[in-house]
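Just the one chain here, laid out as structure tokens, in the form predicted on its own.
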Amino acid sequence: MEKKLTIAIVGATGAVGQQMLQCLEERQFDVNLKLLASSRSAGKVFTFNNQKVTVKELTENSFDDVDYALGATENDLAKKWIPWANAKGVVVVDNSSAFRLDENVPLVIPEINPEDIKKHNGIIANPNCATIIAMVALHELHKEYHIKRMIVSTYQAVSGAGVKGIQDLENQLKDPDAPCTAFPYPIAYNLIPQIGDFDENGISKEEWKMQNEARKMWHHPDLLVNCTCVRVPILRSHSESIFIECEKEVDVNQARELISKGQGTILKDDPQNKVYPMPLDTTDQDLVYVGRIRKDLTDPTGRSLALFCCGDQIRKGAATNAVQILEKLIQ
């Protein structure tokens, strides 16, 4: 009998790690599962395929019996443990940003550049959540019209900042004077136009990711992106307002048809009947909803288009995308 593969989830007790576990089960992975986390979380027990799995402490010796690993840790920790895994021959799909722009590490969205998976040297990087949502929404348009420039505003849920972000919102909704632990200002009844530190140009780290990562995955080094990232008082699912400028005139009806038939997208575009993407509708599922598709009236050439999209940043924006990469690796 063929030996079962062993899959490790590193950072298994966090929000993304837990979602990875759920996605593996939903997609009927028949594997041995190894859950790894810090010493504080060691001993916790979770269920996978009706079997109990105990979390073990992450150490240099954690990967002796592992074939593939899914990473759901912060950058500094990823840089520490991934070499341990690679030294044991383990291929890692990493959700941190530690290796995303490394020229020797493929950055992959399976609906967009699955062929890049084969170029790995032991690591495949998962893109930023907002980048995934935007690129899945835009990919069919890019193939048809070739996008030259994007202006993007993201409206990102508090869960993107982890458990503390959720706690801040919930606590401040009950008590507006509750302290801020995840954000520099109260998030309840508020918007915060900052995600990540700013550079000397006033552009945040999160805002740079949209340009740099999209360029890499589309193999489009000349793509121009102006992005503003905003934290909003929403528990889950990111939303994005996107303007694109293309190389040729865009037909709005054809654009709708392309999006309706695209991989990973669903068209929600009937504004007269109040049909458009919203975070509540996209929560806890894997499709990117796209709507509000319309010509940019400020562009007389007809080469520009506006749209609005939403997607679950914990699922498709992180865990599901990583599991989809793993599926193609195993195939």
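For every residue, the number given is its place in the sequence shown, counted from 1. What you are looking at is a predicted structure, and each value in this text was computed from that prediction instead of being measured.
Another form, the form predicted in complex with a further copy of the same chain, is not on view; read the next lines as being about it.
- Checking 102-110, 145-153, 125-133, 78-86 against a further copy of the same chain in the predicted complex, the stretch whose residues place heavy atoms within 4.5 Å of it is 145-153.
- For Leu169, a non-hydrogen atom is located within 4.5 Å of a further copy of the same chain in the predicted complex, even though that partner is not displayed.
- Contact annotation: Asp296 falls within 4.5 Å of a further copy of the same chain in the predicted complex, judged by heavy atom distances.
- For Tyr276, a non-hydrogen atom is located within 4.5 Å of a further copy of the same chain in the predicted complex, even though that partner is not displayed.
- Under a 4.5 angstroms non-hydrogen atom cutoff, a further copy of the same chain in the predicted complex has Pro184 among its neighbouring residues.
- The candidate spot formed by Ile203, Ile234 and Ala306 is fully in contact with a further copy of the same chain in the predicted complex: every one of the three has a heavy atom within 4.5 Å.
- Note on the partner interface in the predicted complex: the residue among Asn212, Ser260, Ser241, Gln254 having a heavy atom within 4.5 angstroms of a further copy of the same chain is Ser241.
- Residues of 167-205 lying near a further copy of the same chain in the predicted complex, listed in sequence order, are Leu169, Leu173, Pro184, Tyr185, Pro186, Ala188, Tyr189, Asn190, Leu191, Ile192, Pro193, Gln194, Phe198, Asp199, Glu200, Asn201, Gly202, Ile203, Ser204, the criterion being any heavy atom within 4.5 Å.
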